[in-house]
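Only one chain is shown below, in structure tokens, and it's the form predicted on its own.
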């Protein structure tokens, strides 16, 4: 399948956005998020951005006050996922103008919509920023 989940977490470990592409109960999600966030936030900046946890490979990157964590299958290309994270941030930057934690909090539906335009059923389906943002801009015009 590829991508199993995408998380956006602040420096305090609070989840700001969570999107899962496999079914997990709420308790399993909470436990998984807690374990992964503690593991990734405890790492030094000099360490690599890849962590193995349970049956997932976690690829993460920090942008300002937000950590973007993506859980993938063990056979997934880590560098491609880092590029995906960068594309997600650049797309949000283009829409919000230097995306920050507050943008995600106050426009959660737009952040989810952008992610849904990029990933379908755990597979990256769109990488064009303009194609991703066109429906979001149309929604802005109608509201």
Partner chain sequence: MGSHGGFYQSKEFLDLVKSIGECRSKAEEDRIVLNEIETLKRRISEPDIPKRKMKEYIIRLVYVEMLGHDASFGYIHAVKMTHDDNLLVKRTGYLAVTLFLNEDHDLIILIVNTIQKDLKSDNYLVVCAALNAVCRLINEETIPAVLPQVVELLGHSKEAVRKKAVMALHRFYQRSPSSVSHLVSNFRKKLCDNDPGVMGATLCPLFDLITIDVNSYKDLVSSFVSILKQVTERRLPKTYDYHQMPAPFIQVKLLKILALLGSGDKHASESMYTVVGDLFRKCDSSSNIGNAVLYECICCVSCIYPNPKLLEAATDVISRFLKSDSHNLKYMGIDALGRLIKTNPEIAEQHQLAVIDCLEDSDDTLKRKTFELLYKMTKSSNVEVIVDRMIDYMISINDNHFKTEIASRCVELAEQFAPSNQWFIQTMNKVFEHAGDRVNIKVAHNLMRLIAEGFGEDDDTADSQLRSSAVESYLHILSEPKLPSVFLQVICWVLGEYGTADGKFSASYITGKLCDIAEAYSNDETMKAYAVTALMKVYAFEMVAGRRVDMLPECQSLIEELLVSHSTDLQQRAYELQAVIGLDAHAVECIMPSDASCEDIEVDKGLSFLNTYVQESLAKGAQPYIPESERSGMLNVSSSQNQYHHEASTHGLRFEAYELPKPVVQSRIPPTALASSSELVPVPEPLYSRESQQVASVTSVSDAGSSELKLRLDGVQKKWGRPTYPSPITTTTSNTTTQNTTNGVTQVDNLKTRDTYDSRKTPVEVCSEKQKLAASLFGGTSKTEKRPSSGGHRISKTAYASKSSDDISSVKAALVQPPPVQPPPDLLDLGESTATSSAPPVVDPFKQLEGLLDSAQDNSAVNYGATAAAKGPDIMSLYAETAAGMETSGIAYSTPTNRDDLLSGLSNPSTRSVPGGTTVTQPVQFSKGPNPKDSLEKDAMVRQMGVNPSSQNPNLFKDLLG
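Numbering follows the first chain given and starts at 1. These numbers were taken from a predicted model, which means no experiment stands behind them.
We do not show the form predicted together with the partner chain, though everything after this point is about it.
In the predicted bound form, the partner chain lies farther than 4.5 Å from every heavy atom of residue 36. Heavy atoms of residue 41 never reach within 4.5 Å of the partner chain in the predicted bound form, leaving it off the interface.
Within 4.5 angstroms of the partner chain in the predicted bound form, the stretch 70 to 87 places a non-hydrogen atom from each of 75, 76, 77, 78, 79, 80, 82, 83, 84, 86, 87, taken in sequence order.
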